[in-house]
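Have a look below at one chain only, the form predicted alone, in structure tokens format.
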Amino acid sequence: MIEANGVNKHFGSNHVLRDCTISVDTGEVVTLLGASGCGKTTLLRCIAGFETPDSGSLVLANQDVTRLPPNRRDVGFVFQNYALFPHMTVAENVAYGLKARKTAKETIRAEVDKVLDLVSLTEFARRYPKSLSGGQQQRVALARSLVLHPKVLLMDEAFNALDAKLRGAMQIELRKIVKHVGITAVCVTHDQAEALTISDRIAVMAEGRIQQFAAPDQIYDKPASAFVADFVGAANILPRKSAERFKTAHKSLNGSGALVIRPENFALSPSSQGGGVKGEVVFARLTGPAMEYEIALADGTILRALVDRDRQEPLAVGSTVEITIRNPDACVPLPGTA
């Protein structure tokens, strides 16, 4: 449905996008994930037609749209601030695009009723945006896009204005709605948890480049670089020669380069048991169902560990522990790193 081929974009001397290539399948939800300034919003705006690439091409449904204006691309865009009209009711906001297309009144009424039911806002049809919660306003913005039946839905940091609990709930709800409709969607976010929740595939971006484009489990379990490993989830990145400390001959832990060990892959035990690497707990934090620890080794290395509370009693700061690797197969080698 969407193809970006070798897209480059400069703003003055700032090279914002560097040879970005990505292909999005019909009905797929893809997230552009990265820190502020990595180029993800610029790439989204190029897809929407709000920016024009300096080189490369953009194809939408087999049509080259690189030079087409936004109104000829058949895409829906949900902005970060929702951009609702405050003087219009919910129903009027949703109907706005259809009225602009001079759609028949009966059709408008039917389409608005259908999409408001889809986003569970039927009872709010006559309310104004100022009387709605942030989550309800977001659903109005989503409905306003979906009612036009666009080929592609684009969303730019659409959950930023919501509090943490509502943000998590709306991420799940959005994924359900988009999958129910079957629309192709591209979302921009800096939030790794959001990307893991809503995406079929994630494009991790840094310095204008796509660092890895893969399914969420592949991004987390098989990161392509130290950057991806550190950006998506917590990661311990150690020289592979450090595997000798853990007294294991597993082949994936030997050799040159670096190794990614996720915090949940460490097991902690009292130092009297033997068989592990000794360390001192220097920080402990309750995350809910788990305890997160920072453990200092004798050489100053700090390891992060995450232990389910039902697996082990909490450890106090200052405790001496022995660390072992639970599953060597889950350790990810990063060839070419020191």
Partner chain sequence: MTHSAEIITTGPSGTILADWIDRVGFGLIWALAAFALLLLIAPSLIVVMISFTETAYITFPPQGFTLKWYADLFSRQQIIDSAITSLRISVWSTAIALTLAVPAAFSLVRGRYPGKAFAGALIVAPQMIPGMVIGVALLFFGAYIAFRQSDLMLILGLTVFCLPFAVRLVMAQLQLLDPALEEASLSLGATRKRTFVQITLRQIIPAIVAGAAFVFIESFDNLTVALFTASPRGRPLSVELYNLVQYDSSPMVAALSSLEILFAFVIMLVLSRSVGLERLAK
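Residue numbers count along the first chain shown, from 1. The structure displayed is predicted, hence computed values, not measured ones. Between two forms, the rigid core is defined as the largest C-alpha subset superposing within 1.5 Å.
Beyond what is shown, the protein has a form predicted in complex with its partner chain; the following relates to that form.
Enquirer: Between its partner chain and P70, F79 and A83, in the model of the complex, does every residue show a non-hydrogen atom at 4.5 Å or closer?
Expert: Yes, the whole trio is in contact, each within 4.5 Å by some heavy atom.
Enquirer: Its partner chain isn't shown here, but in the model of the complex which of Y96, F227, F246, Y220 has a heavy atom within 4.5 Å of it?
Expert: Looking at the other structure, the residue within range turns out to be Y96.
Enquirer: Name the single residue among M88, A161, I237, L132 that comes within 4.5 Å of its partner chain in the model of the complex, judging by heavy atoms.
Expert: Looking at the other structure, the residue within range turns out to be M88.
Enquirer: Tell me the stretch among 30-38, 44-52, 277-285, 294-302 that has any heavy atom within 4.5 angstroms of its partner chain in the model of the complex.
Expert: Answer to the contact question: 44-52.
Enquirer: Any of the heavy atoms of R139 lying within 4.5 Å of its partner chain in the model of the complex?
Expert: Looking in the model of the complex, residue contacts with its partner chain do not include R139, since no heavy atom lies within 4.5 Å.
Enquirer: Find out whether any non-hydrogen atom of L174 is located within 4.5 angstroms of its partner chain in the model of the complex, and reply yes or no.
Expert: L174: no, not in contact with its partner chain in the model of the complex.
Enquirer: Wondering, does V75 line up within 4.5 Å of its partner chain in the model of the complex on heavy atoms?
Expert: It does: once its partner chain is placed as it appears in the model of the complex, V75 has a heavy atom within 4.5 Å of it.
Enquirer: Answer with yes or no whether L148 is in contact with its partner chain in the model of the complex, where contact means some heavy atom within 4.5 Å.
Expert: So L148 counts as contacting its partner chain.
Enquirer: Relative to the superposed rigid core, does the CA atom of Y128 travel 2 Å or more between the shown form and the other one?
Expert: Yes; that C-alpha moves by at least 2 Å between the shown form and the other one.
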